[in-house]
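Single chain ahead, by itself, as structure tokens, in the form predicted on its own.
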Amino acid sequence: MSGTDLPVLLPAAQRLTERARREREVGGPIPRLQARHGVWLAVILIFSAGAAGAQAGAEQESVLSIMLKWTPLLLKGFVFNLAISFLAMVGGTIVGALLGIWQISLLPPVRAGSWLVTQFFRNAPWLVLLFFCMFLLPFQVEVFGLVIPLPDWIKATFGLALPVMANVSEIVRGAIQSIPSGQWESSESLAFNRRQTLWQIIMPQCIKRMLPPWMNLYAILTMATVLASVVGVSEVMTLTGQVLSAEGGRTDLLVPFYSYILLWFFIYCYPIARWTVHLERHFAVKT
């Protein structure tokens, strides 16, 4: 069978090849949120709230009124989740970008050391890293006689920034290595040194390659911030558990409340996912 027997399959094959390349840069499968996922979440929320209302007695408060009553408190916890994700993403991106550049260093110790750090934190379970940070970091540090407390949410942010750092390092390394070698050779012929070539020629071209997987990573991080509830941080999941306890431990409220919170995360992450798809198409790299 020749290569022209099934031309209709070529575009799909090219898309799969491009998707596989991007997943190698990210270091894992790229999640794809679609509108139907939000519709299903809304359906689950409506049906679970209706079922809970049918099980509740006449003297009990309705599920809708309970959810509305606690929404301001839960919203504060959700904003706290977003703050943790933002800080972890900023810190992880800064350190991870440097680590990714060091992975292509011409010095073998630097290259090997940065690769080892990247692979260790990239493959370590996020929850384990959270526990390590919670129990190994001190409660406070002293800098020039000034005592600075380290609350649990800062430790959780640091714990989440570690896997982000490793994944950003792989994104940066993959983007740099995807630039054709002719770019380096042309820069050398123009008397650019390695540092000038990297920062003035290579990195500007890498931005469009790194932006979509970086945004995917942020969406994953945002959804992973609920892990902070396991280590005692008062974010939205922790507050949801406290709300359920305050309502007398009504088991009929479990599915409606957790579906409600899950819908919030979807509403926040879905625009990011769609924007990522748009950027991938806009910044499509022709090879």
Partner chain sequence: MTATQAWTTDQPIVRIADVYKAFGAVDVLNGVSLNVMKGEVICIIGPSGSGKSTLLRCINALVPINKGSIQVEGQEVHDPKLDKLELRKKVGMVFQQYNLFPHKTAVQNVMMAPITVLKQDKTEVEARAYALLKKVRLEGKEHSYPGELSGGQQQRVAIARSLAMNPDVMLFDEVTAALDPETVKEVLVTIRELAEEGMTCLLVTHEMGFAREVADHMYFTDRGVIVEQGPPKEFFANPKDPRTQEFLGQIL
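Positions refer to the first chain, counted from 1. Computed from a predicted model, the values in this text were never measured in an experiment.
Heads up, the form predicted together with the partner chain isn't pictured, but that's what we're talking about next.
**Q** Report yes if any heavy atom of Leu190 sits within 4.5 Å of a heavy atom of the partner chain in the model of the complex; otherwise report no.
**A** Yes - in the model of the complex, heavy atoms of Leu190 and the partner chain come within 4.5 Å of each other.
**Q** Under a 4.5 Å heavy atom criterion, is Pro72 part of the interface with the partner chain in the model of the complex?
**A** Looking in the model of the complex, residue contacts with the partner chain do not include Pro72, since no heavy atom lies within 4.5 Å.
**Q** Does Gly182 reach the partner chain in the model of the complex, with heavy atoms at most 4.5 Å apart?
**A** Yes.
**Q** Is there a non-hydrogen atom of Pro149 within 4.5 angstroms of a non-hydrogen atom of the partner chain in the model of the complex?
**A** Pro149: no contact with the partner chain in the model of the complex.
**Q** Have a look at Gln140, Gln119, Ser186, Gln177 for me and say which one sits with a heavy atom within 4.5 Å of the partner chain in the model of the complex.
**A** By the 4.5 Å criterion, the partner-contacting residue is Ser186.
**Q** Can you pick the one in Met134, Leu87, Ile101, Ile201 that has a heavy atom within 4.5 Å of the partner chain in the model of the complex?
**A** In short, Ile201.
**Q** Would you mind picking out the stretch of 107 to 115, 169 to 177, 204 to 212, 123 to 131 that comes within 4.5 angstroms of the partner chain in the model of the complex, counting non-hydrogen atoms?
**A** Stretch 204 to 212 is the one.
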